[in-house]
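As a starting point, one isolated chain is supplied in structure tokens, in the form predicted alone.
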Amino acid sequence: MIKYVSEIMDENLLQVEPLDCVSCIKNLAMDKRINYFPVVENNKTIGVVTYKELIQAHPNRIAIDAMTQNYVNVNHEMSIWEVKSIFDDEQVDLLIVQNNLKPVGFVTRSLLDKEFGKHFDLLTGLPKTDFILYKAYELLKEGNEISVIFIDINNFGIIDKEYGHVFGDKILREIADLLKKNRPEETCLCRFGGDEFVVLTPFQVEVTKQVAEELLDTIAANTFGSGVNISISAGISGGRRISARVTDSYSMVLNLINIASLACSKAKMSTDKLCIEINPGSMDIA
């Protein structure tokens, strides 16, 4: 499930007016242990006074003299992935979260970094499934096609039992690196769970099939430690978008992942190691 910024924000802020004196704000900061004070005029945030500015400002000054513009206002319904993009693109360390233009919380880089530790797989360094859900929403909103490749390592349970979990973890990292380095730049990759990976593409299923075949060939050509023969299977799902309006991309992408996983299960029982499952209905957005 995609998380929104309202779910991770810190609500410990206090709104002040432009003419409020710095000494009064400083007293509030110490009494209530508040570090961020949005300066609001005519129901609009025009700046932020932080504890750093309070320490540096003369006590006789007013809020508008001490406030900083080094922040960005964001909507409370924005996803944490969109928030991360803002931090990556903008030279700011603070985001003020608004609901109907009213400041309701804030997010700092350190707060976001702490949250994102939960959304990346520690073993492979890959994002988890909610990243794919977010990117799918973005692609659909921009009018792109989407298809899904579901990848599973063959007989991974046997590898774990015969060579141990440490070796199995090494294989997972190697495969994650190979997929990361060899997937097209336009695609997104995540660790779905266990020995399973998902690749989201902005392509129709025919092009996605070529991508999957190239990834399988890359894994097959790689030499893994201890001379162990490693192979993967893949299933593909996708269809043709018929309009640009997105209704429920979350359910749609989960459906595509499920279809691709079933196709992957078929591939594991075949000699081709790749099975294509196309469900155009799952992509029709009325």
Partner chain sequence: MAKTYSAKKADIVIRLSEFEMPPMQDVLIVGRKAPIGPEAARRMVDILSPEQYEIIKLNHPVIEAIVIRKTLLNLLEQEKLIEAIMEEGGKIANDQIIIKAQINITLEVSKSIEL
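Residue numbers count along the first chain shown, from 1. Because the structure is predicted, anything quoted here is derived from the model rather than measured.
Below, we refer to the form predicted in complex with the partner chain, which is not included among the displayed structures.
Site annotation in the predicted complex: the residue of 24, 262, 14, 19 reaching within 4.5 Å of the partner chain with a heavy atom is 19. For the residues 32, 44, 61, 52, the 4.5 Å heavy atom test against the partner chain in the predicted complex is passed only by 61. Only one segment in the set 230-238, 252-260, 61-69, 215-223 has any non-hydrogen atom within 4.5 angstroms of the partner chain in the predicted complex, and it is 61-69.
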